[in-house]
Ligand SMILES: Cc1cc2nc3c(=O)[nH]c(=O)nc-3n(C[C@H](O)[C@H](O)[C@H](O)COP(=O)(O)O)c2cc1C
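This document starts with one chain, in the form predicted alone, laid out as structure tokens.
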């Protein structure tokens, strides 16, 4: 009998996983950009950055092939035409126009026929970005300015805290950390992240109600962040996991950005059932196209803090030289 119950529990894990996969597929069907609807401003902007980033990459190469980027330039021009018709110009619409304008002014392609055609069509647009787009010189001395004098000291001094000083972290500090984290790399530079933040006790209670890792300290968390990614940024079926990957990278950047500002944090997992994900959304206002990646409890550390002694695996267990399976 015990053996039978054990098997049921084991296969129950697979059934639970299947339920989760189907829920994720359904949300991908509902909210991702697989339809490529350019009338949807958000989908169009994510599509625009995906395309203009290919031009940025082309411009950043020292030895460019003449004619490189032609197809992307025409596709981006079509996206810009949709933007102009919409009368709803977004950040990436402006950046796309600025990038394409810089692209057609590159040395060596000025007299190419297709470039002249695009340049003439660009005269019809007037929503340029005030920021620098395309490419720029990045010197070794610029790179070295960002190097930490003692990276081990910075990374090894960060610990998860579950008890904090009884003091709210000001919103301007939270926003500064998020601004720092915006330098996180993402697929095609789409930056599909969104952060929900609160220090309101009632809202924190509702948000943490179905998060099972905050027992014993959740009621004393000063600030709470919910880190999400926007499914509208993802088009292809092979990008089905990309929102989790990009969201995880962004979350880690926020954690270290907070650490650099003296703010402690504790990661709160949101690997939950479809039912609990729906319950969370019924309690707090999270947009339906935003996938919850994780929650983050944050606060100022006390003068003295108790932390878990969380041992790290030996380096040789997580690092290997990559070898080919067969000779070329």
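Here the structure is a predicted model, which means the values were calculated and not measured. Numbering follows the first chain given and starts at 1.
Keep in mind the form predicted together with the named molecule is missing from the figure; the text below concerns it.
Asker: Counting only non-hydrogen atoms, choose the one of 259-267, 30-38, 51-59, 274-282 that falls within 4.5 Å of the named molecule in the model of the complex.
Answerer: That would be stretch 259-267.
Asker: Name the single residue among 128, 217, 114, 82 that comes within 4.5 Å of the named molecule in the model of the complex, judging by heavy atoms.
Answerer: Going through each option in turn, the one that passes is 217.
Asker: Just one of 119, 209, 158, 165 has a heavy atom within 4.5 angstroms of the named molecule in the model of the complex, so which one?
Answerer: By the 4.5 Å criterion, the partner-contacting residue is 158.
Asker: For this chain shown on its own, do 213, 294 and 310 all sit within 4.5 Å of the named molecule in the model of the complex, going by heavy atoms?
Answerer: The answer is yes: all three residues contact the partner (heavy atom, 4.5 Å cut-off).
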